Structure formats: structure tokens, C-alpha cells
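For reference, the chain that follows is the form predicted alone, supplied as C-alpha cells.
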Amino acid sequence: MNTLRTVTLANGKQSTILLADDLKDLSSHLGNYGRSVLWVFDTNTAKLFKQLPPVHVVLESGESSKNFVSLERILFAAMDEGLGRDGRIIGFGGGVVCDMAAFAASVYMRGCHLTLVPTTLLCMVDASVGGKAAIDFRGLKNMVGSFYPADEILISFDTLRTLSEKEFLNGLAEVIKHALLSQDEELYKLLLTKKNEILARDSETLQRLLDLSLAVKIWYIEQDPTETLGIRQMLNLGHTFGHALESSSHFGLFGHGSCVAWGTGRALEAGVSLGVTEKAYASGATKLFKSYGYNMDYRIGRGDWIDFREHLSKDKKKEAGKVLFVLLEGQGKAILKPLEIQTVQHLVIAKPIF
């Protein structure tokens, strides 16, 4: 295992991101933890094992498992095993598994050890890094949660080869978002010039892509570990619009990444209409998303507006009762700004302005 990055969060807590040479290298490292371990899988990642570890929980794959029932299953298993505070929960899977494992570890005996093994691109560049853990509640995404960074995050690119094209693109949307938020254009240029290699999942290109994407996220979260200074919130670019679409479609219409891509498109349009974002920059960023196959022109039906608005109004990013949106002034320059509800309605129902 090679150390890819180290993240320093609140109270000096560190997460080490390790890159495995292959699945054998990954398994060898995981075997060093000993017996005081509880594994969390979903029905997809459990299939990667010929024989599952003796103490484990297998959740149904998908967003529907991010709930209190799944949390209780993990906690019951930990108690039945007699897992101590010095024990370890290992989340082996995508964002849902890693979120559930992290949330359980954060509350079990007020905190036990945590290792995350993200198996999707989305989880590698986003959900596993930074310590956020949450469940969906009353139909709203990530409404109940905690901050609890993993001790270690173990990555093997071999797991990416098991992903469907849709799931791979689900994660790539977050990478493109990071490219727009980056303080330089290196990741943006890589996405422009190495599209074929990225879509072919070339290992060398993916390692560069992952490292650059993680560097962007780490830059934001290390300055604002618990999201109280208005810096880390910039990583929510596209998420205010995107989460409302996800929630109002009951998590079934689009994957998270597709919603983030779509939401970023709406944020870019909002910036142009308010004179915050240069039209040329917004157009170029939108074309980059489109080049990877994201549907940036989708609009909700007029009959869906009330439900969409209801979910939007419950977004966590509020100030003085108003929902705040992340807008871009340019490359790596994001701001938080409220939008008039009529503007939002026009953006999600009307035709694009460029």
C-alpha cells in the first residue's frame, strides 16, 4: 500500500488515503486489523468475496438503505459481537455503505475505529473523504448525520472495473465539479485532453485524475473541517439544485452524479443571469459536462415544480431563512448567494439561456 494523500481535519484528526497495487494487496492490508472488526457491505460488494468475513452486515444496495433501520442493523451486529471501543468498523462499498459505516462508527460507544474501502469513483473522490456521514430522513437527502473521519481510506482501482458505465459516470460528475472549483486548471485540462483514456478507465490516467480531484477537495475541507466558515460549503456546487431533483424524484430518476452535473448547469446559468459568471466560462463548463454524456438540458415538468420547491426549501444551506446557492465567478472562485424563487423556477423549468 502506498500513501496517496493525508487529510488533517478538526482537532488534528488525520485520515490517511492509501492506494493498493491490486485487490490482493488490499486484502493483505485488511487482514492486519485482527479479529475485533465488523464489516459492512451491500449486495453488490458482497459478491466480490468468495467467503465473507465472519462478522458482517450486508445492506441492500442503493439510496433506500440510508436510514435508521440500516444503522440499527450495524449497531446490533456490533453489540452482538461484543465489539469494544477499540474495535473497528470497515465500510466496503460505495457512498451509501461508507456513509452508513461511518455514521455507525461515530455513535457506537461514542466512537470506534473506522476504515473505509470506497469501491466506486463517486465514493473515492467524495463520500469517503472529509468525515461527513449521514442518512436520508423524511425523504430528504443527508438530513441526519455527523462528522467522523475514517482513520484510513483504502483505494484499489481494480474495483472500478466492476462498475457499470452509469455508475462510473456518477462519480465523474464530482470530478468535473472539482475541476471547476480548483485553484488551477490542471484537472480541467486533464478532463479535456484525456477523455478517451478516462472513459476507458486507464489505470495511470485514473490515478492522476483521482489525485488531482482529491487535492481539490482536501484544499477546501482542511480550511473548514466542520463547514462553519463558508469555505467547505463551496464543495456543494450543483448540490442545492441537484439534491432537490434527487429528492423530488424519490432518488429514482437520476443518479447522484447526474443530478450534481445538472445542478451545476443550473448554477452556471444562474451566475450568468445575475452577471456573476462570464457566459464564455459557463458555456465551456457546460460543454465539458455534455462531452461526457450528462443531460444538461433536462427540465422538470410544470406539475413537478411544487414538489421540487418543497424539497429545495428544506436544503441545509440556509441563512436568515433563505436557501444559499453556490455560484461561480470563474475558475476556482465560488460564492454563496440566495436566489429569488422566480429565478429558480425559470432555471429548472424554462429552456437554457445559452
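Numbers for residues come from their place in the sequence shown, where the first is 1. All values reported here derive from a predicted model rather than from experimental measurement.
Just so you know, the form predicted together with a small molecule exists too; it's not on screen, but the next bit is about it.
Comment: the small molecule is not present in this chain, but in the predicted bound form one of 127, 175, 104, 155 has a heavy atom within 4.5 Å of it, namely 127. A heavy atom within 4.5 Å of the small molecule in the predicted bound form is found for exactly one of 159, 264, 213, 240: 159. Under a 4.5 angstroms non-hydrogen atom cutoff, the small molecule in the predicted bound form has residue 163 among its neighbouring residues.
Although the partner is absent here, residue 269 lies well away from the small molecule in the predicted bound form, with no heavy atom inside 4.5 Å.
Proximity of residue 52 to the small molecule in the predicted bound form: non-hydrogen atoms within 4.5 Å are absent; the residue sits far from the partner.
When contacts are judged by a 4.5 Å heavy atom cut-off, residue 45 counts as touching the small molecule in the predicted bound form. None of 67 to 75, 204 to 212, 275 to 283, 163 to 171 except one has non-hydrogen atoms within 4.5 angstroms of the small molecule in the predicted bound form; the exception is 163 to 171.
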